[in-house]
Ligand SMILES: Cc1cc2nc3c(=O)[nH]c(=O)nc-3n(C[C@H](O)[C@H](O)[C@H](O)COP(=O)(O)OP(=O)(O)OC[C@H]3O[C@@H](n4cnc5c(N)ncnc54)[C@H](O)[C@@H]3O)c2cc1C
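We begin with a single chain expressed as structure tokens, specifically the form predicted alone.
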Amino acid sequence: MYDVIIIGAGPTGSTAAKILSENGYKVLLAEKFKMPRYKSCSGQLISKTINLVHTYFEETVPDYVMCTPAESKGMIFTNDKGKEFRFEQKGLNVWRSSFDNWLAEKAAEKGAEIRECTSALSCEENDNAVTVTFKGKNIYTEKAKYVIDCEGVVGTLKRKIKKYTPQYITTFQTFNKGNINLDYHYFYAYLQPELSEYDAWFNVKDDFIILGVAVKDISKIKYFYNQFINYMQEKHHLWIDEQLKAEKWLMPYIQPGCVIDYGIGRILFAGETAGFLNPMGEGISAGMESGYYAAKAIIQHFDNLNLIYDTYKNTTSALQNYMKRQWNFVAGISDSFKKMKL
């Protein structure tokens, strides 16, 4: 019998697992992929994320998880009218697989049990506990007083519990050898509707030039990607010698108002599963923060479910407001996101 089962060993789940374990709770952290887990992501740690790592994990981000260039200078947005907005902010450029694995190792050092290659198939609440059905080498069950679902948008548990179909944004990006006339220390986002149905982006990780587009209609990926490549060739003299890899991923389609789903019964949602996601897919800081507050709410009110939810909602209200302000800002600079304006 575990005190808490956490589904998903990304930044959200690992933060929750670390906080609970160091406070003496028996925690299972289940991850459906083999560790280190891969996730298609820009891997840009903004200053807020770096501060959260210091606060929650009491360490600095290690050098071995970083890419070249290791230091990020910030983000540069180009809005739907072609106007550039530059945001200078020191950050770090990491490989998500290495960064996420490091966070999970820190949770394990505090006593969390990590079980990789383990998918959560379903869960059922009864007798003041939750039974989770897992699939690893075989199908089996585990029990806990609480579950924190941190699977993100690619998970199946919430869809089964809530019996709904979420709306997705599909991302497509390529890793290339070549060159371009842009400063590699920035992350570039392009909001022109002729280039994507959400945003397009460019950044560099080690020797890879990464180019991507996000779409609502998956059948339009090739069209928008070609549009973006032509744009980058014309505007910034992009030259591709060789495309080495292409990948697709999913992220939540955030609706106006940034509604958060905190969970149902003894199953709490955190990170992208709850709906915490900042513009341009920045979910690491929101994930870590919501995972921390879900864990703290359980610690403070382990025997009172109602107080757990009250505390979780209250402590994440500032995070939700931050998220709203971020989306409102993007809506203010680009008509492509005007429906997100408060």
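What you see is a predicted model; the values in this text were computed from it and never measured. Numbers for residues come from their place in the sequence shown, where the first is 1.
The same protein also has a form predicted in complex with this ligand, omitted here; what follows describes it.
- Among heavy atoms of Cys150, some come within 4.5 Å of this ligand in the model of the complex.
- At least one heavy atom of Met251 is located within 4.5 Å of this ligand in the model of the complex.
- Although the partner is absent here, Ser40 is a contact residue: one of its heavy atoms lies within 4.5 angstroms of this ligand in the model of the complex.
- Among heavy atoms of Glu289, none comes within 4.5 Å of this ligand in the model of the complex.
- Contact with this ligand in the model of the complex, defined as any heavy atom within 4.5 Å, is confined among 296-304, 272-280, 310-318, 57-65 to 272-280.
- Comment: this ligand is not present in this chain, but in the model of the complex one of Thr118, Thr78, Ser97, Gln227 has a heavy atom within 4.5 Å of it, namely Thr118.
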